[in-house]
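Each of the two blocks below gives one form of the same protein chain as structure tokens; they are labelled structure 1 and structure 2.
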Structure 1
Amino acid sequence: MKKRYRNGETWDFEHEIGVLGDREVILGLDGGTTSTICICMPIFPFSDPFPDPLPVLSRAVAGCSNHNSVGETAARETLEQVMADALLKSGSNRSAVRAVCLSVSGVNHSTDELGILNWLREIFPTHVKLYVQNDAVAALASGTMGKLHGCVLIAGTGSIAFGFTEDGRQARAAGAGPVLGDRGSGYGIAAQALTAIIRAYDGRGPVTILSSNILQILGLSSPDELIGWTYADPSWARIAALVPVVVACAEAGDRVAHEILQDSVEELALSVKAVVQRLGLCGEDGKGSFPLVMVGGVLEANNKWDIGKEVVNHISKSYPGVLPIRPKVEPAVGAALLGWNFLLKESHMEPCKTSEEWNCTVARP
């Protein structure tokens, strides 16, 4: 097999360890703008329900792997290193891997999938099945335990709504990044707050306690300094980290912060409703039930301002059959379960769905 080495060190550990017996494993990877997580899971016999807890051998964490944010070279270095770290921690190597299910933000087109797939083929043996998709798919699978049906709403640093029907049709809304509009995301919320501070300082907008609270958190003395702080390092995650301050100001009664969060709720709900409508997840009468998996720090409950709850309330007015799900496992585990389900289908001699149907790409020997 071909081997690819970053600085000649990434896979050096394989020369020093052996594989534990004949144990075969699956790698599930969730790569986002803020962090990248890879878990190593052994292949286990089918059971319904799945064993609780799920058997996870190891977990490795790295930085951003969105190529739109850090560039293709840095993204691939991060992905390769985190996969190697997960195998090292599990006492396994690449020969023990049966499948890799890699879900990464920034995978928005078949050309993105193909580029990553070709790169993965250089790293893993030919017997390894390779699946590549957007990170929203792993998030959905984390709530449905590996099944692709329903809708997922991710609202963290960025935001996206992604849905699948049982026959493999798919649709997405939002997720185009901050330049093309990412309202409702952590970045979108915090960017609106920063804009509100500048508007208030100029006299173009209402006074808001966002000004004093955010300046204090950042250690700045004047809104003038906020301009330099913002453009010194305008990374998405750095800006999005200010969301808790916006929520605290809204809970304290600040009208500007309240309106920013309300706008976020409406935008996130619109994204979900667009996907549900395009796929007909609600049935012909609009009242059918469908799972809505909710993932991301923006959707976590707060004392008074529960953005996730407000989003569900908005959606349920149009689609009363919505069934919100808070995943019990992280998206990286969802990615591994998805890979496990693909392998199970193939072992039953069922053809794997095409890339267009499943938003995955399968490597053939």
Structure 2
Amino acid sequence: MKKRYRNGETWDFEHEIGVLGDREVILGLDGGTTSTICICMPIFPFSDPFPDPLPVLSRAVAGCSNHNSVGETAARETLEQVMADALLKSGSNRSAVRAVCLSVSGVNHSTDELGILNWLREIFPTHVKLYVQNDAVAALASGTMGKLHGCVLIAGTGSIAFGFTEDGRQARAAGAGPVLGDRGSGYGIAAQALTAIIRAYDGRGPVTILSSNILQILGLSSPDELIGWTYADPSWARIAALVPVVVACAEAGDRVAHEILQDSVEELALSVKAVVQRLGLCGEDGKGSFPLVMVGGVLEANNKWDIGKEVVNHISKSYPGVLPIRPKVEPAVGAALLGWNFLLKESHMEPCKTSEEWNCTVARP
């Protein structure tokens, strides 16, 4: 195996630890803008259902690995280090690795994919299978237990709907950021709430309790000060963090907050429906069942006003076969399962499980 000593001594541990038998492993990575997580999972024999809990040997955490945010060199160093950490923690080294499945944000084109593949190949020998994907793919796999079929809706600071068919076609909708109309996202919801405060203040819009509630949280004494607060820091996450206040106001009966959440529901449902329609995920009669994996803070259950539940209700009016799934495992585990599934396929082992056989929480709308 080619030895590399990037970061000084990233892989030095391999000389120092004894390898535990001939156990083979898969690395699953979920690389995001906030943090990067690597899971080391043993290759387990196919079983139905999956073993519960899944056999995870180790978990390592590092910082941002989105190359658009921190640059290519820093992103790669982070990814390499988190893989080495996970292997060290599991008592394995690179000779035990059968596959690496890296799902990372900022991978939008085949050129992004190829760049990362080339660099991963410098670390791992040719018999190791390498898979590089956008981070939405790991989110889907975390709900479908590694199978690429169905649609994933991610609604956190941003929002995106990503879909895959069994024959390998894919489509996405939304996910173009706040300037390009991600109204359903956490940022979109919060920005509309801030706008509603300004509109109530200058007479263009109705009075709303969003004004007092949000100004209090931000420590501002007047809507005038909101302008300075808004443009003082370009971070989208800082604005999206106000979503719980908007939900609380809607739950308290505020009409303006209610309408903002309703708009978000319609936008999120529309992005899923666009993907389902383009891929024909619902079958020819529009009634076929398909999994919808739902991920991100905006979709998590609220008390009375549950955005995720409303989105599913909305979608099921057009596509009654929607099977909403809230993943039981994290995206890095989804990535590892995805790698495991790819390996199975490539080695002509047992066929992948069908959509009815997933071991996951399926909540009917």
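What we label the rigid core is the largest C-alpha set whose atoms superpose within 1.5 Å from one form to the other. Please note that residue numbering is based on structure 1, beginning with 1 at the start of its sequence. Source: prediction; values computed, not measured.
The form predicted in complex with a further copy of the same chain is structure 2, not structure 1. The chain divides into two rigid parts for the movement between structures 1 and 2; Gly339 belongs to the part that does not contain Asp306. Domain motion between structures 1 and 2: the smaller of two rigid parts turns 14° against the larger, based on C-alpha superpositions. For Val56, the Cα deviation between structures 1 and 2 after core superposition amounts to 3.4 Å.
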